[in-house]
Ligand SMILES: Cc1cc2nc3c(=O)[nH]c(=O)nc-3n(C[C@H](O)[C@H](O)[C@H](O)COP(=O)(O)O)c2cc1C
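Just the one chain here, the form predicted on its own, laid out as structure tokens.
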Amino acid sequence: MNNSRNITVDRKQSHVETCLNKPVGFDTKTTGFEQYEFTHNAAPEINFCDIDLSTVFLDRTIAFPFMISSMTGGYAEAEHLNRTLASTAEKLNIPLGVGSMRQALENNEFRQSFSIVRQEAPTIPLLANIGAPEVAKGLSDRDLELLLDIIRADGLIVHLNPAQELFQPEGDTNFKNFLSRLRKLTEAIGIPVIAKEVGCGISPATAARLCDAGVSVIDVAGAGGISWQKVEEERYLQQFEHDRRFSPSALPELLNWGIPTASCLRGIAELKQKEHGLFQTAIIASGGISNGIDIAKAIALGADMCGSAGMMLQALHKGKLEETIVTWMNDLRAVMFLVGAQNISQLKKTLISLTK
């Protein structure tokens, strides 16, 4: 294995270990969901047992408006993690995204750590994943074919991570020409493209530009969950303990940079409503989703579904992945019962207000 391959494998493994073992959440920002509340309906006129959580994602009916977001792949231990993620997602009939597949383009050593997901999950929507810097450089037809074939993907996530790349010791901050090459990608590819931030959020203006470039889904992945700036800063300090890139007074703001998830949702939903007929892109809410109440609030604020990676990784590490997702499903059912929404379509129309 050459040095660049060693770096990629080590980085992927250290990302998982850092997220599990270091304090890498936002200090000064929350998701913003705590600022919203539903109005209690004392006469809901529905039976709890009749509540339907199913919805449609990428033209497929899924059991719950939730996906296990992109997490890992590309090193030996990731095969076991992805096997469990995929088998759980298949059992619960929810979508799954894999981690960045750049390593799979570079060599074939750990491609099985990605392809295992389709072996374990033959029927659910699976999403391949590549970064914005790779798109900006230009992906060949062969690259795209390989990315999609490895997991027989139903969609392709393009993750947008300028803040992470800025802090990453080996980061790639070349984003010029990204949008024009994204447009070429969406025109060439035969499946939906999902534009996803990784924890700093997507503004309405950026969402509109992504929509113009042809993306089918926007995953806002806002601030309030894991700060990937902090993850990379931990890794940077392990390698360059005495090297400071940014001034001490600026570092806290940079490490907590981003738009809260609820703010992203509210802004993009308002844009979508204003530009109805032009802005048809679906919205995924991720970034600090921590229970089914957050999911309910996100849907009422305009999301079509939600996703989580950090909390799912913690649950997987504890051997409680399926249990955690089931409790979130129960949380969502509870909220729907208490507001009188029998299905997800009704929940989308349910009034949610800012707390006083």
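Residue positions are given as counts along the sequence shown, with the first one as 1. Computed from a prediction, not measured in an experiment: that's the story for all the values here.
There is also a form predicted in complex with the ligand; it is not shown, and the following applies to it.
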For the spot marked by K12, G225 and G288, is every residue within 4.5 Å of the ligand in the model of the complex through some heavy atom?
yes
Option touching the ligand, based on a heavy atom within 4.5 Å in the model of the complex, out of G99, P260, P95, P192:
G99
Proximity to the ligand in the model of the complex, single hit among L316, A309, I325, I299 (heavy atom within 4.5 Å):
A309
Exactly one stretch in 206-214, 182-190, 226-234, 105-113 has heavy atoms within 4.5 Å of the ligand in the model of the complex; which is it?
226-234
Is there any non-hydrogen atom of C264 lying within 4.5 Å of the ligand in the model of the complex?
no
Partner proximity in the model of the complex: A153 to the ligand, non-hydrogen atom cutoff 4.5 Å
no
Is there a non-hydrogen atom of V198 within 4.5 angstroms of a non-hydrogen atom of the ligand in the model of the complex?
yes
So in the model of the complex, does C19 come within 4.5 Å of the ligand, heavy atom to heavy atom?
yes
Heavy atom within 4.5 Å of the ligand in the model of the complex: which residues of 54-81 meet that condition, in order?
S69, S70, M71
